[in-house]
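Presented as structure tokens, the chain that follows is alone, the form predicted alone.
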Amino acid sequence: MTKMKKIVVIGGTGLIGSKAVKLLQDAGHEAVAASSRNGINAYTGEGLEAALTGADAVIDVSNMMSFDKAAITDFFETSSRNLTSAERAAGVRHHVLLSIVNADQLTANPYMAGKLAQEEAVVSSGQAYTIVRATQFHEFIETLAGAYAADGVVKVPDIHFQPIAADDVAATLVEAALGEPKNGTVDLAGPERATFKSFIRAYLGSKSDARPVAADAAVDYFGAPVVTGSLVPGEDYIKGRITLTEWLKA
């Protein structure tokens, strides 16, 4: 019989966190949905000691949306240092962090720089860990289309894209947390790779949005210069199961 475990999900009320909590609970594990809403704050340290008591692992999907590099870096670094320190004190065996594919190559983007700082804080903490770097979520495509829209046209970078469903991300994080620490990084991407343009066009088409979509090699990714493979993993990665078409139908 599989031993039931206590897993603390930091950011457990958000998109990915809430899905991870449900998966854990459905499997019979104790899942703590940790967030500032219920008095558990990784950035300030509030509530961490009590939440982590008896925990086997932590999944960190906490987030702060900002393009202020200093603010986002401070948030991710401070939160990760507080978490890993509290985990070691509580005897937690495994820290699982959600990050972004190729974050280390896209640090001209302030958010990516913050995520890289977060990774480095975890790696240098002395705590056993697994970093799961995911591609962009299906759920983020609408935001991308809006961000790249101007004058009736959606103009996107001329690069490859391999988005993944939030359900697949949550499942991979749960599997990692229930397994042994890798003390390294694994990449996670959706089951289909095509051009950024084609995914945006497919999404808009599903919404009966007829705006033209163009690809331009001069367009960056929110401040970071990109090449063809900037947002997709190399050959060795975990592949999700849910296609964009299946996600749209669901």
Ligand SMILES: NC(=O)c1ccc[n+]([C@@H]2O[C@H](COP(=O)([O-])OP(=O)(O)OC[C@H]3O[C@@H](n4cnc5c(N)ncnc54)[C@H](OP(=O)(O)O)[C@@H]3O)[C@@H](O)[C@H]2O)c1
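One-based numbering along the sequence shown. Note that the structure is predicted; figures quoted are calculated from it, not measured.
Another form, the form predicted in complex with this ligand, is not on view; read the next lines as being about it.
Participant: Tell me, yes or no, whether Y111 is in contact with this ligand in the predicted bound form, where a contact means a heavy atom of each within 4.5 Å.
Facilitator: Y111 belongs to the contact set for this ligand.
Participant: Any chance I40 has a heavy atom within 4.5 Å of this ligand in the predicted bound form?
Facilitator: Yes - in the predicted bound form, heavy atoms of I40 and this ligand come within 4.5 Å of each other.
Participant: Closest heavy atom of A134 to this ligand in the predicted bound form, within 4.5 Å or not?
Facilitator: A134: yes, in contact with this ligand in the predicted bound form.
Participant: Is F75 near this ligand? Define near as a heavy atom within 4.5 Å, in the predicted bound form.
Facilitator: Although this ligand is absent here, F75 would touch it in the predicted bound form, with heavy atoms inside 4.5 Å.
Participant: Report whether all of P157, V213 and V227 sit within 4.5 Å of this ligand in the predicted bound form, measuring from non-hydrogen atoms.
Facilitator: Answer is no for this spot.
Participant: Could you check which residue among Q127, T172, T130, S99 gets a heavy atom within 4.5 Å of this ligand in the predicted bound form?
Facilitator: Selected option: S99.
Participant: Which of these residues, I238, V232, L23, I16, gets a heavy atom within 4.5 Å of this ligand in the predicted bound form?
Facilitator: After the contact test, the surviving option is I16.
Participant: Looking at 137-145, 102-110, 86-94, 175-183, which lies within 4.5 angstroms of this ligand in the predicted bound form, counting heavy atoms?
Facilitator: The contacting stretch here is 137-145.
Participant: Within 33-66, which residues come within 4.5 Å of this ligand in the predicted bound form, counting heavy atoms only?
Facilitator: A34, S35, S36, R37, I40, N41, A42, Y43, V61, S62, N63 sit within 4.5 Å of the partner.
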